[in-house]
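Have a look below at one chain only, the form predicted on its own, in structure tokens format.
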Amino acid sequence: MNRKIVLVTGANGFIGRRLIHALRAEDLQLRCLVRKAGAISEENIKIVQGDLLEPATLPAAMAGVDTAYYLVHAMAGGRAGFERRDREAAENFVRAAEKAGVRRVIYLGGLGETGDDLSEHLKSRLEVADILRSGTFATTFLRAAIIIGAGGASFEMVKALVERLPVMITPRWVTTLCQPIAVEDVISYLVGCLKDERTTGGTFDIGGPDVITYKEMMERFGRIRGRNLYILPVPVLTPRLSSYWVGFITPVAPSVSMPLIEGLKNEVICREHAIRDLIPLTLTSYDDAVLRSLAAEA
């Protein structure tokens, strides 16, 4: 019996690289879609060069695929027009997947309440989910808040702020609640969804065990690094204004950091926990996730 083919889009990214490493332990044929040749050099993995914004490059990647992971976002390509690029990429993916007869898709998107007050980034993540769910295949939608891991945009922003700004004047978004999750736990959920057919077609919130404010996140990070922080929230500083100085302070590209900062006004916590029954994990605490990430960077 032939092993099923699993495609990973966004395979060269923060999540994608970790995911393909984890999937190598599974009994499947692993295929990765990359935009640049030579971006990945893992053994026993078929690499297909293509771009979701160029539909003609997709049939070779999709041929014979049973399950595809959708880990693509367009913010790294520049802030201007990233919503349009995300929309076009998702629409091209759906058409190609339908034509190839892909059975299921697993999409990692963002937590966030629906409504008119969502940031551009969170709106785009939800729009992509809707586009994928319009396909004839079954879409599993994992909704994550901040993902803590070395090399991840959120982790690198917090690290830079804590280490470079002992005194911070911030907007009131620092009191917004969030539910950070360790990148290792995200990978476990992504692999678990592939292995457990009960997750097919479902939407699941995924988060760590700690529900904390962004202020607490930075303070706890500071304590781990042996730094005292002084954070002063003020009412006149908006998330958009603060995103400009964050862009100067942190090493994360402004096209990525600015939409993320503007999204911090939205509370991102799990509203349901069904996936914990389907894929039981011992979830990693925020402090342990930070310690692991710092060790990985070192």
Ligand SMILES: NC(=O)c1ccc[n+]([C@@H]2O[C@H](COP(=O)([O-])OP(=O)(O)OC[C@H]3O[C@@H](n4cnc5c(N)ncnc54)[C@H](OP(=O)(O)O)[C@@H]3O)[C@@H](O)[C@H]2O)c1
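Throughout, we count residues from 1 along the sequence that is shown. No experiment lies behind these values; they were computed from the predicted model shown.
Another form, the form predicted together with this ligand, is not on view; read the next lines as being about it.
Asks: In the predicted complex, does every one of 5, 105 and 130 come within 4.5 Å of this ligand, counting any heavy atom?
Replies: Looking in the predicted complex, the three residues 5, 105 and 130 all stay beyond 4.5 Å of this ligand (heavy atoms).
Asks: Do residue 73 and this ligand share at least one heavy atom pair within 4.5 Å in the predicted complex?
Replies: Output for residue 73 is yes: heavy atoms within 4.5 Å of this ligand.
Asks: Given that the partner is absent here, does residue 271 sit within 4.5 Å of this ligand in the predicted complex, heavy atoms only?
Replies: No, residue 271 is distant from the partner.
Asks: Against this ligand in the predicted complex, would residue 20 count as a contact residue? Criterion: heavy atoms within 4.5 Å.
Replies: No - in the predicted complex, heavy atoms of residue 20 and this ligand never come within 4.5 Å of each other.
Asks: Hey, in the predicted complex, is residue 279 touching this ligand, heavy atoms inside 4.5 Å?
Replies: No, residue 279 is distant from the partner.
Asks: For the chain shown here without its partner, which stretch in 147-155, 97-105, 208-216, 191-199 has non-hydrogen atoms within 4.5 angstroms of this ligand in the predicted complex?
Replies: That would be stretch 147-155.
Asks: Of the residues 63, 249, 53, 28, which one places a heavy atom within 4.5 Å of this ligand in the predicted complex?
Replies: The option sitting close enough to the partner is 53.
Asks: Counting only non-hydrogen atoms and a 4.5 Å cut-off, give the residues of 277-296 close to this ligand in the predicted complex.
Replies: Stretch hits: zero.
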